[in-house]
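The chain below stands alone and is given as structure tokens, in the form predicted on its own.
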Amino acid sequence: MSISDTSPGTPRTWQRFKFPGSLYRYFGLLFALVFLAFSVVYLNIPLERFIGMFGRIGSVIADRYYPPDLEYIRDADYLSSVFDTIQMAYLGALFGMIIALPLGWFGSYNMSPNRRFIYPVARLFTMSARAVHETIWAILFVTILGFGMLAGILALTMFCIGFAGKLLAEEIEGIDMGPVEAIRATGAGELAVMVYGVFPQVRVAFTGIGIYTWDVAFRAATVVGFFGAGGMGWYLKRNVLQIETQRVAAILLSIVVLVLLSEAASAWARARVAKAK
């Protein structure tokens, strides 16, 4: 038994631990700790090296990566690759959202036109796109289409389909079905129900999901280029292979700056969307 927290002067209330809920909770915690210890031993993780790791990282950065070659990232060709990366992220997010919209509709259990066939197919397609990492998509499309921006755009499109499709479907499943049933009672079709009964309820959430999808697509665009999709990632891969560490440091610094700018722009846009509620 336990005593709940009370303020001075308030009578104490006694609460009995719920059984077997409390037993399951403590057993789960014990299992997690045992599994953690087993994983450390089984994987032979040298915990004693963790303490000295930060000193070695500092010395490597100071000896090899500092100072970054800022002149390299001011080159016109590299700045052009930055613009290519932004375009690739934009197109991938745009195409992904366009495809994710009907998938979110068909993959929501409460609004799917057919729960026995269309719903599982839409869910399977969304989960399949989400299960494969964007770098794997990039490698696959580069193998099929060759090096270039098209492979990167398609890889980001598949990534955004899996990312946004799941969020859109879950948002639709959480709507109030009252307005939907009222519109259906008038004899309206499924498209009219979506436009007038569902979309007004999820309009703000859809906009926020679109902004967030662009944000994660831009982060992914800086990576897929490493695998042959063009953009900043191609410059990163070339200099890593050539062991041009100071240029690598400058490229990584430019990526961090661009991600921070993208995060600030996305946060501003999400704040404006939240005020629309």
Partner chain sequence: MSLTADNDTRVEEIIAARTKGRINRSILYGVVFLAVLWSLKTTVVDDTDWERMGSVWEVLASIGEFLKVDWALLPQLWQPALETILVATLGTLLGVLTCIPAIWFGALNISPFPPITYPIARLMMTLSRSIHEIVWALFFVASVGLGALAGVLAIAVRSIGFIAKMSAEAIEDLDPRPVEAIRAVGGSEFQVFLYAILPQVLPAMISVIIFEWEINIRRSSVLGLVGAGGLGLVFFRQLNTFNHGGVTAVIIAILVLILFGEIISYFTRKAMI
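Numbering follows the first chain given and starts at 1. We call the rigid core the largest set of C-alpha positions that still match within 1.5 Å between the two forms. Everything quoted here is computed from the prediction, not taken from an experiment.
In what follows, reference is made to the form predicted in complex with its partner chain, a form of this protein that is not presented.
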query: Candidate from Ile118, Leu79, Leu140, Val195 lying within 4.5 Å of its partner chain in the predicted complex - any heavy atom; finding: Leu140
query: Heavy atom contact within 4.5 Å of its partner chain in the predicted complex, the stretch among 107-115, 87-95, 69-77, 176-184; finding: 87-95
query: All of Leu103, Ala188 and Val202 with a heavy atom within 4.5 Å of its partner chain in the predicted complex; finding: no
query: Phe227 within 4.5 Å of its partner chain in the predicted complex, heavy atoms; finding: yes
query: Non-hydrogen atom contact Ser128 with its partner chain in the predicted complex at 4.5 angstroms; finding: yes
query: Phe31, heavy atom within 4.5 angstroms of its partner chain in the predicted complex; finding: no
query: Contact test in the predicted complex: Leu236 vs its partner chain, heavy atoms, 4.5 Å; finding: yes
query: Stretch 130-146 - residues with a heavy atom within 4.5 Å of its partner chain in the predicted complex; finding: Arg130, Ala131, Val132, His133, Glu134, Thr135, Ile136, Ile139, Leu140, Val142, Thr143, Ile144, Leu145, Gly146
query: Large Cα shift (2 Å or above) at Ile243 between this form and the one not shown, core-fitted; finding: no
query: Flag for Leu252, CA shift 2 Å or larger between this form and the one not shown after aligning core; finding: no
query: Core fit, then Leu70 C-alpha moves 2 Å or more between this form and the one not shown; finding: no
